[in-house]
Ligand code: ADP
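Given as structure tokens, the chain that follows is alone and in the form predicted alone.
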């Protein structure tokens, strides 16, 4: 079903990865060196950038995606899936003699997962590709970013957004140890607890330590911070230094693969609509919770009705 964003809906540009997720399900995840018999194998459209784009579109935004696909069969399938969601793909080009991005995802019955990503064409997304879409970035409300494409490309997109007073939101995933300092010069950063620990050097074991990490992230350059804590909810720190704890929604997790992508998309939507960071964070927690109850990355992205039902 194609999403058609209503007039005056939030305008979002996502710069990021587009992957085919090869999902292997088993009773539990294997230990190092262990061989397990899996229950199933599925090919599901994913990639953090594409997931965020689909998540934002289903929540009612007018969404454009900037990324790269390979010239393989996966590229054809992935593009068709994005077209069905009503996402604008002028900024998505094909890379010749290159595979599309692939993520190999192990999911156990508890819903926990482990992921290995082969970047493929995502690794060929260059600052020049972003520059080609400068006008598209200049006219939106929010720019969503992650780290499955080259860091110089992410920084180039940030600079364009800042020049045009576009709100920048960074999901600093997958986690990397050597973050360039300028990467945190964003309006909102929304790491999970392990990513926040890498960024700040603060081990996060309680909500109190999460608050300390949020303060440190603000000192490092982020204007506002939300740190997701899985089944413990999230903590936030806004531009004025106001902090709070967002309690989790009681759901039974089936697949947490793209819960963070649903969270980031929803956070961007509500901030674009004028919500406070606290309001946007709660809306995002609900979106992430709904996504965790469903199998698959893009198929699991919730609609606005889904999120409102949980909120109510």
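Residue numbers count along the first chain shown, from 1. This one's a predicted model, so the numbers in the text were calculated from it and none came from an experiment.
Not on display, but discussed next: the form predicted together with the ligand.
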- So which stretch, 260-268, 57-65, 39-47, 25-33, is the one near the ligand in the model of the complex (non-hydrogen atoms, 4.5 Å)? 260-268
- Message: I need to confirm a contact call. Of 203, 71, 231, 93, which residue comes within 4.5 Å of the ligand in the model of the complex, counting heavy atoms only?
- Response: 231
- Given that the partner is absent here, does residue 192 sit within 4.5 Å of the ligand in the model of the complex, heavy atoms only? yes
- Task: Report yes if any heavy atom of residue 285 sits within 4.5 Å of a heavy atom of the ligand in the model of the complex; otherwise report no.
- Result: yes
- Item | Close approach of residue 292 to the ligand in the model of the complex, 4.5 Å, heavy atom | yes
- Taking heavy atoms only, is residue 272 within 4.5 angstroms of the ligand in the model of the complex? no
- Item | Residues in 242-261 close to the ligand in the model of the complex, defined by a heavy atom within 4.5 Å, in order | 248, 249, 251, 253, 256, 257, 259, 260
